[in-house]
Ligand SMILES: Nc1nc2c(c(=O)[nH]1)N[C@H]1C(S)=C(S)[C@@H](COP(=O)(O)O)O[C@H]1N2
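We begin with a single chain expressed as C-alpha cells, specifically the form predicted on its own.
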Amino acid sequence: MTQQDAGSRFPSVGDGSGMTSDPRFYREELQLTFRNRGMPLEGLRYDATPTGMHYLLIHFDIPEVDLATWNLKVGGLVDRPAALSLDDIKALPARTEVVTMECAGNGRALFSPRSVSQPWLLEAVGTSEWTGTPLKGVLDAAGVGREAVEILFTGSDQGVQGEEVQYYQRSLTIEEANRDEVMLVYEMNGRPLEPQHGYPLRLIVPGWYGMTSVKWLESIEAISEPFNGYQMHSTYRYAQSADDPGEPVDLIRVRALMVPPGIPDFLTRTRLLSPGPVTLTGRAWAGRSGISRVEISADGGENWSDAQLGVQPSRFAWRGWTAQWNAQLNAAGGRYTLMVRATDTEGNRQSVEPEWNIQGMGNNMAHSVDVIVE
C-alpha cells in the first residue's frame, strides 16, 4: 500500500467530516478507548503515578522489539554517526527526573462539536520517575553539523493516519533538543520500560504535551530543514477549521484536577457525600511554569476561594493542593457543582468555558465535579 492510496481503502467514520455533535460515541472511538487507558482520578493521590495507572496512548500497534538486534541509530548531519545498543546507552551518565506527562487531546470529549478520535475526558495524565541519559550528551558525542536545524525522532511503530502510511515521527529544534532536561529514557518508576510505554528506549521531553515523547525509539537524525511529517503539520495543531493550519501544540497548558470526594454512582460518577467538613485534594501543573494559585468553587464558578499549595516534587511535576469545604444540605436538594482552577507563574489561568478548536487540543477548562450531599 502506498501513501497515496492508503486513505481510500479505509471507511470514513460518521458523515466523513471527522467531527460530531452527537453526545454518543462511535464504535471506533470505543475501540480506541479500550486500547488507550486513562488514569483514574483517584490516582491524583500519588506523588508518582503507579505505572499501571499512568495514562497510555498508542497510535498504531505496540511493536515487537528484539533487544539482541536493536540499536539506536544516530545519523543525518553529524560528524560521527553511531549505532548504540541499550548497554551503550546505560553506560552514559544517568539521571532521574519526576515528570508529569499529559496528552494534548486530554479533554477532547468535552468539546461540542468534537473531533472523532480518542475520546479523552480528563484522565490522560500521569506522573512518573523517568531514568535515562540526557539527549544532549548523545548529540554532542555525534557532533551535530552547523547546517542542522532540527533533530528528527523516529519510533518503530507504523500505521496509517491521515491517508498516509508512516512511522511515528516528531522533531525538535536544535535548541529544544539540547535542553538539559530532555532525556533518552529506559526506566519508568525504577523498572525497565514496559512494552506499552516504549521498551526499550523512548524520548522524554518534560514540559511538552506527550506527543513529543516518541516511544520505541529507533533513530535520531539531524536534518537541514524543518520536518514536514504528518504528526508535525497535519495534527497537533490549534486550528479552528479544516483549512486553518493553526499554531503547533507544544508546552502543556496550566491545569488543576480534583480527586472526586465521597463515593460514586456507578454509572454517572456523581458523588455522594455526608454533611460536614470535607477535605478536597488534587494536583496542578503547567508545562515549564510553576503553579502560583489554585482556587475552589462550590457554586459552579460564581465564587472562588484559595486552596493551600503543597510541595512540588520537581520542576516538571505536578503540585499537590488541599482545600476545606463544609458540605451542607441546600435548596437544590443537596446538589453542588464543585470546581477547581489553577493559575501558573506566568499569569495564565484556566477558563471556566472551553476554548474550542477543531482537533480537540489543549482543552484545559476548569474541572467540575457534581456532588450530592445527603
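Numbers for residues come from their place in the sequence shown, where the first is 1. Everything quoted here is computed from the prediction, not taken from an experiment.
Not pictured, yet referred to below: the form predicted together with this ligand.
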**Contact test, all of Leu57, Arg202 and Ser213, partner this ligand in the predicted complex, heavy atom 4.5 Å** = yes
Picking from Arg293, Arg237, His197, Arg288, the single residue whose non-hydrogen atoms come within 4.5 angstroms of this ligand in the predicted complex is His197
Among Glu164, Glu97, Asp157, Glu187, just one has a heavy atom within 4.5 Å of this ligand in the predicted complex, namely Asp157
Using 4.5 Å between non-hydrogen atoms, is Ile252 touching this ligand in the predicted complex?
-> no
Original post:
Given that the partner is absent here, does Leu152 sit within 4.5 Å of this ligand in the predicted complex, heavy atoms only?
Top reply: no
So in the predicted complex, does any heavy atom of Cys103 sit within 4.5 Å of this ligand? yes
Only one of 141-149, 79-87, 205-213, 279-287 sits within 4.5 Å of this ligand in the predicted complex by heavy atom distance, namely 205-213
